[in-house]
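Okay, so here's just one chain, in structure tokens, the form predicted alone.
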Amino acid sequence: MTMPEPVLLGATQVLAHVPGLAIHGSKPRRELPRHPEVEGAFLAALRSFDDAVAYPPHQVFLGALHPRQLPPRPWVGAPAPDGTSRFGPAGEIMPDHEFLGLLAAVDHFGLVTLDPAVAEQAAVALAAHPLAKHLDLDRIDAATGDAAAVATRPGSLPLHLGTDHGGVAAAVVSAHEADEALSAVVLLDNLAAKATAALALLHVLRSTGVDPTSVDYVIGCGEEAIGDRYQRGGGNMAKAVAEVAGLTEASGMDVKNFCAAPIPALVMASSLVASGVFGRVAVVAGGSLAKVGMKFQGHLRHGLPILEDVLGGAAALIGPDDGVSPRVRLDSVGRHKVSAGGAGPQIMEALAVEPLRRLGIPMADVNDYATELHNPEITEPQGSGDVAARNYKLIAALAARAGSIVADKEAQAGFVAEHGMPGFAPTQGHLASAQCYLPHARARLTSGGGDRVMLLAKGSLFLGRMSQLSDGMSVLLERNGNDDNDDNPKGR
């Protein structure tokens, strides 16, 4: 029996511009009450929607530019790229009033109350949205009420639009008076992740023309933890997202692996298709509200706007070979084993070098390496450095050691320029760790712009205080019809 060859049928990404929610990110929520004099500067540094749309890294995230087409830094204040729009080839960036409406539209438990004026504005805007027919806009009407009064209830959370923290645009209530996992701030985290993931999934269904009822399974790989006090992370965001997007014949589950989760999820989805268990599998991830405003102190110190004012969302669709879409090479999977060690070179050796050595593919024959693509304009002011540049220098050094390129600085710099790229993703690690490159990878591999893309994701398991280890996984995407590997003519 010939098993199906898994391919990447589509990949989309969205952003929600949420300056009014930035104050509810984990770091601002902790630090601003301790330093109330900073709150005014924080609010004054929030961006307008037009500025967020025009920001070049956001246009890369939406697929309007390839990362290598980014202009020289600084990107803050740079002219908007030609043809800048809220909608891009990969998805869209949604303004905050629409996003509050979307939160209400995906709320099945009456957790969100919208101010009447905000509800009307959101309902009108979402009714004109290209995906309007898939959104339950009646829930917006049902959520309309006295948001300011609801926000005064014990445990409730007021939500705002932009920098207008004088007026309450919406409120989120807790679902239990004592359960921390059902507190208003956690529920807002979860609703925001659900809304952004569902929006991305609807975009991928629209862009591929795939019937939602033909998708069999959904795998969630976001950073949120859905549950209650007895099962704090035991929930299932994937199935909740499938319900919103009309995937009535699908089931689902979540995969947790800190920032590394998207690539194991992609490999699992591809394996399910290759085994014939399911025909089509979606991989989804919503944004992490906890990480909004995470590095605000560095931004304020350097006179920058609050650049972490967006939530990301991503969706990918895996199915059997259609003769066009990039193949997912399951024989190429790289793992960070327990025995591999935790130093950077050891991790990258396991993920980037070993799989290619095993397949007999020189490292220079991979067109693009997609690794942790965090936007350095966000990370550097807070002292985290340029994560992408650091990784690409390491990959180049390993390529030189493997004999794939000449072992000198000029050759390694050339390797970085040709096979690497600037970081551009929001600092929500599951989005930045290779997943954000999927729309670009698919475009490159279907247009003839490249033959192979390696996706590498890493995760910091030690953050959970259960292990000192890190983790990671890698996989190759290959142009359909690229059968120049005689040992593996079908990429198996």
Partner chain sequence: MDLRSQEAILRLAESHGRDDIVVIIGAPDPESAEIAAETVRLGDPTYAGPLAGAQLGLEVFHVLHEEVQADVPPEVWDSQIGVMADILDVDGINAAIEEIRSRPLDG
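On a predicted model such as this, the values are computed, not experimentally measured, just so you know. Numbering follows the first chain given and starts at 1.
Another form exists, predicted together with its partner chain; not displayed. Remarks below refer to it.
The single option of K393, H176, R206, R73 touching its partner chain in the predicted complex, heavy atom within 4.5 Å: The residue in contact is K393.
Position in contact with its partner chain when the complex is considered in the predicted complex, options R335, R232, R153, R401, heavy atoms within 4.5 Å: That would be R401.
Exercise: K409 in contact with its partner chain in the predicted complex, heavy atom 4.5 Å: Although its partner chain is absent here, K409 would touch it in the predicted complex, with heavy atoms inside 4.5 Å.
Exercise: G414 in contact with its partner chain in the predicted complex, heavy atom 4.5 Å: G414: no contact with its partner chain in the predicted complex.
Any non-hydrogen atom of P345 within 4.5 angstroms of its partner chain in the predicted complex: Yes, contact at 4.5 Å.
Close approach of A397 to its partner chain in the predicted complex, 4.5 Å, heavy atom: Taking the distances in the predicted complex, the answer for A397 is yes, it comes within 4.5 Å of its partner chain.
Partner-proximal stretch of 352-360, 109-117, 166-174, 385-393 relative to its partner chain in the predicted complex, 4.5 angstroms, heavy atom: Of the stretches listed, the one contacting the partner is 385-393.
Stretch 439-469 - residues with a heavy atom within 4.5 Å of its partner chain in the predicted complex: Just R465.
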